[in-house]
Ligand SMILES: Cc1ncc(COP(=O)(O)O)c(C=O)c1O
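Below you'll find only one chain, the form predicted alone, shown as structure tokens.
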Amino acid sequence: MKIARRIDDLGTETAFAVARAAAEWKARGNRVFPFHLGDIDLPTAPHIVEAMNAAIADGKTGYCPGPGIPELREALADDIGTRRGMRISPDQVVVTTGGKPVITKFLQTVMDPGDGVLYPNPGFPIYESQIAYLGGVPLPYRYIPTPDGFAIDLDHLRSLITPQTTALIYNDLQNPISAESTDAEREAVAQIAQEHDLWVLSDEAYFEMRYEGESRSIAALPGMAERTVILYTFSKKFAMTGSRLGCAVAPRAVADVLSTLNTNDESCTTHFVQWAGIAALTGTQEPVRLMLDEFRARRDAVCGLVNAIPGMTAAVPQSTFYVFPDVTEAVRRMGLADVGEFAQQALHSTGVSFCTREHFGTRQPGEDREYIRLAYSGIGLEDITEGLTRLREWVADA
């Protein structure tokens, strides 16, 4: 029996592979400090859970409309539009089982086989995976290190565009590198999209996971609403990673296609979970504030400890819950072949588990720096301190 050839082009979210290695090490009786997965160790707020349970008790356990129940679509249109300074109609909102399906369905809607799609690299690995799997041409654009983090290499981005390029994936407040566009950079990306008539997927999973400043959406810029699909998820802001609830905000013609894809793929998003989403959006936001306060403290601890490790440097991000340190000198100091060996030995020597640059897209020609990603959403302050202290002592003793 054969397996379809297209499966050869299907990647995965490689952070889960790191999680398996960490779990195996822990199962052998070792201590593990989990910086590898962007899950959240804080509970979903009680009022959201109560709304979900009430919906189950009320019999909301069957099928519901493919694009989402009207009450949730209205709440999302109001909340997303208000926070971005946009007017959004409920019929532009298509509810999905988390944010990730928006990537696939966006590409299915706007990309034909052979079309080129620009995407950030390093970046969320599902971009590259789905472009290739669906028969597109992956066009990874790179970032330039700056004292404040990373900036898109706009010249490189422009150089990749051909007449066959149809779409651009843009992840402001970026996973894994926590990069955030300046207003000028965001406007430049918008100008490129309009000049070359590109569809844009604006991945805004971390739009409200920020500690200073104010988030802005590329979709709110002049001329962008009609060519942009916003990816929204409840996973991060509301600590609902396992509930699998998100949505796309799209021009109506695209929203209609996304709705049809929903019907083909899942029939609908779980009915009672959608009522939990309404409670999340319209209920008290105090749990969100408390979670951000906790994550801010963790961010500050991680950055302070990382920058005290010989051969490691990291900018302090204003958003997401990731830090992306340059570990080039630490790897060289220890005489290791590459960052993959550094990660493996760090786990076995200190218990600290993390992803590396290699887990976030194919390394591009000319890259000569080594990076790791530390996620602090699933590890408390005490373990952050102990784990990174162990890592510092291990590197310093080399």
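What you see is a predicted model, and the numbers here were worked out from it, not measured in a lab. Residue numbers here begin at 1 and follow the sequence given.
Not pictured, yet referred to below: the form predicted in complex with the named molecule.
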query: Partner proximity in the model of the complex: residue 206 to the named molecule, non-hydrogen atom cutoff 4.5 Å; finding: yes
query: Partner contact for residue 244 in the model of the complex: the named molecule, 4.5 angstroms, heavy atom; finding: yes
query: 4.5 Å heavy atom contact, residue 106 and the named molecule in the model of the complex; finding: no
query: Close approach of residue 231 to the named molecule in the model of the complex, 4.5 Å, heavy atom; finding: yes
query: Option touching the named molecule, based on a heavy atom within 4.5 Å in the model of the complex, out of 171, 129, 318, 262; finding: 171
query: Option touching the named molecule, based on a heavy atom within 4.5 Å in the model of the complex, out of 124, 324, 238, 119; finding: 124
query: Which of 129-137, 92-100, 249-257, 147-155 sits within 4.5 Å of the named molecule in the model of the complex, heavy atom basis; finding: 92-100
